[in-house]
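Here's a solo chain for you in structure tokens, the form predicted alone.
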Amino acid sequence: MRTPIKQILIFTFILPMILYGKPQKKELNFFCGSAVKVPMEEIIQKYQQKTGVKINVIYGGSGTLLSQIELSKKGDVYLAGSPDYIIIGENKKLLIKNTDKIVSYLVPAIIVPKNNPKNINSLQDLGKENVRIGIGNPETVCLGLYSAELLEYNNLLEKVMSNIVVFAKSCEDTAMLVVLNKVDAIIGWDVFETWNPNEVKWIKLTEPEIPRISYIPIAIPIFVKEKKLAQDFINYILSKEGQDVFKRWGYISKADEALKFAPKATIGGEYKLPKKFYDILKNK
């Protein structure tokens, strides 16, 4: 006797749904440094539409995000604003070693309001009287850490620190300080001009002033649930489709292009805040 088709359908499709519920939609928890928030919002939308995978993204400072991964014991993909935090994450055993890939490169710059009311045209000008400066928090924000390195390298740490009025909690917040006229200048990334072309402009640093070119790395935390899926998302970000979005927003995809701004600069590595920074901060 043949089994009715209706009965087959019940056992094959309907009964499992009754017993186990609807199939769970695949998700990834993505901790993303806000240095790439603008292009990443577009990339995430494209990836979700293409794959059906939901990306739960949290933007913030690279150090803050690492702490959130550590406390929550969650995270499938982690993107930092500089390689410093990949080294920190691996040393703290929060990231799987050798999973990091380079997404794009970043060139440091001074960002000022479009009309540049304080006539800031150089790194030295950040130390002038009555100038309000903003940087990222060097303890939790990749850009802030790089800013401290840049100032120390050029023997301007003490002079400029006296003018710093805001330590922002992320790259995005640092960029907005100029847009909202909270400061007269920030030390930022070149792409901040592309984010807000009508409100700010980029003052280029000279080649000898730049000790290190930063890059944006992406890696997989040890708490990843589906490593293959996490890698697929990373591969999409690194694909031509993902990189085209970055290029449209002014990000640099190749090391030799970034080095045109500072041929003698190093790429990657790690910088640690010197004791001098805390001494100056204490006496500020």
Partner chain sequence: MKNKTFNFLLFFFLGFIIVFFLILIIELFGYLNFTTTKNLNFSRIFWSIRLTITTATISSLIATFFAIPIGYLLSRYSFPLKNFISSLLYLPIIISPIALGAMLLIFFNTPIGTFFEKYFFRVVFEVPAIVFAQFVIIIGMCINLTKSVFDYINPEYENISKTLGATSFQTFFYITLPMAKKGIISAFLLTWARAMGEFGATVTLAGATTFKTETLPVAIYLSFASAEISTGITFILITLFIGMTILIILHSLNNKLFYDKNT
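By rigid core we mean the largest C-alpha set that fits within 1.5 Å across both forms. Remember, predicted model here, so these are calculated numbers, not experimental data. Positions refer to the first chain, counted from 1.
This next part talks about the form predicted together with the partner chain, which is not shown.
The partner chain is not drawn, but in the predicted bound form it has a heavy atom within 4.5 Å of R132.
Mapping the unseen interface onto this chain, E139 counts among the residues with a heavy atom inside 4.5 Å of the partner chain in the predicted bound form. Heavy atoms of V36 never reach within 4.5 Å of the partner chain in the predicted bound form, leaving it off the interface.
Put simply, Q243 is far from the partner chain in the predicted bound form: not one heavy atom of it is within 4.5 Å. With the partner removed from view, the residue among V165, I87, I203, I102 that has a non-hydrogen atom within 4.5 Å of the partner chain in the predicted bound form turns out to be V165. This chain lacks the partner; the member of K114, K74, K159, K92 within 4.5 angstroms of the partner chain in the predicted bound form by a non-hydrogen atom is K92.
This chain is displayed without the partner chain, yet in the predicted bound form the stretch 167-175 from 193-201, 144-152, 104-112, 167-175 comes within 4.5 Å of it by heavy atoms. Shown without its partner, the chain has Y278, L281, K282 in segment 248-284 as residues with a non-hydrogen atom within 4.5 angstroms of the partner chain in the predicted bound form. When the rigid core is held fixed, the Cα atom of R132 travels 2 angstroms or more between this form and the one not shown.
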